[in-house]
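Have a look below at one chain only, the form predicted alone, in structure tokens format.
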Amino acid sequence: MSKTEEIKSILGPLRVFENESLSKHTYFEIGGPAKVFFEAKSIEDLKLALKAAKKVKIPVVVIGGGANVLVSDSGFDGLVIKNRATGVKLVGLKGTYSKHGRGIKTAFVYAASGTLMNQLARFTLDQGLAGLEFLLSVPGTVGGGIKINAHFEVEQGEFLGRRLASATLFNPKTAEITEVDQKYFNFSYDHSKIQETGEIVLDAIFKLGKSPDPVNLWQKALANVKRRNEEQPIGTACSGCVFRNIDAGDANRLATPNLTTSAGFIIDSLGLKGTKIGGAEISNHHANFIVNRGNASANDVIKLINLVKEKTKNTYGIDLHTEIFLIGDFKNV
């Protein structure tokens, strides 16, 4: 029995697909086929699929909403699990209970890892809870957001990891499931420990404060959405910001305006807006976005990334680092 047939026997032949185009499952709308593809619609599905991959000894990758990833043109020679395990609920309150909730100080919110960050934000806003409003309209899922430590206003400390209380992780190497607290992740800008360990988030609990003014909280969230829509390309196939911002030391050395650490500013200053390779283009709207103009390949995107890195290094002596995750074989690119 082939590995594919073994996977089908464990997960169900009608739920496992072969040679599924991953371009349909990423914001870039780029990528070759997955050898085997499965949609996990619950946490039990997700655990079963991960255990199946270990049992069959087949490479495995989990994707969520498909943001912040670039899939190679040759696809992925293994099992791709699309995480559709969703669910958000209030699981705990601290403070003095009253009919109108005015004595509540802290609330704990549970989210399954396949929950869209936008859905989580809306739930917390509807509950009048402060701390995750910056996620409104942000693409991607809770699991991916924890992995990348999703953020908006870095200067104001608006990081997803800051609000995390605990999470349940699956280790694909050992099939062990562990519960860890926030400290385990060693969160920093665009980084968490699980980027190195390869552990998969199954679910998470967030610690939030009760807002004294829920109406103002919604207004703040909507203002952030408006600003993002004005500053970032909308309605085009892209995967979010491509590069991490530069560090404060480089911003000081270069005396950037207002000491901005924006990678977009650096790329724009190099005159690279609108630069095209194949079907990929550095956005004219925001230089830290690469957009797919309809027929871009992963190879096109990588060539643009390398061009930006080379010019930034030669001009400013800065090594730009990408914040997108690569899936598949990029050895020959």
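Just so it is clear, the model here is predicted, and its values are computed rather than measured. Numbers for residues come from their place in the sequence shown, where the first is 1.
What comes next is about the form predicted in complex with a small molecule, which is not displayed.
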For this session: Name the residue from 221, 194, 121, 251 that puts a heavy atom within 4.5 Å of the small molecule in the predicted complex.
Result: 194
Exercise. Ok, 129, 109, 138, 167: which has a heavy atom sitting within 4.5 Å of the small molecule in the predicted complex?
Worked result: 138
Seminar exercise, completed: Testing 257 to 265, 210 to 218, 121 to 129, 239 to 247 against the small molecule in the predicted complex with a 4.5 Å heavy atom criterion leaves exactly one stretch, namely 239 to 247
Exercise. If you check in the predicted complex, do 22, 291 and 330 all have a non-hydrogen atom within 4.5 Å of the small molecule?
Worked result: no
For this session: Indicate whether residue 228 is a 4.5 Å heavy atom neighbour of the small molecule in the predicted complex.
Result: yes
Exercise. Taking heavy atoms and a 4.5 Å cut-off, does residue 65 contact the small molecule in the predicted complex?
Worked result: yes
Exercise. Would residue 163 sit within 4.5 Å of the small molecule in the predicted complex, counting heavy atoms only?
Worked result: no
Exercise. How about residue 75: is it within 4.5 Å of the small molecule in the predicted complex, going by heavy atoms?
Worked result: no
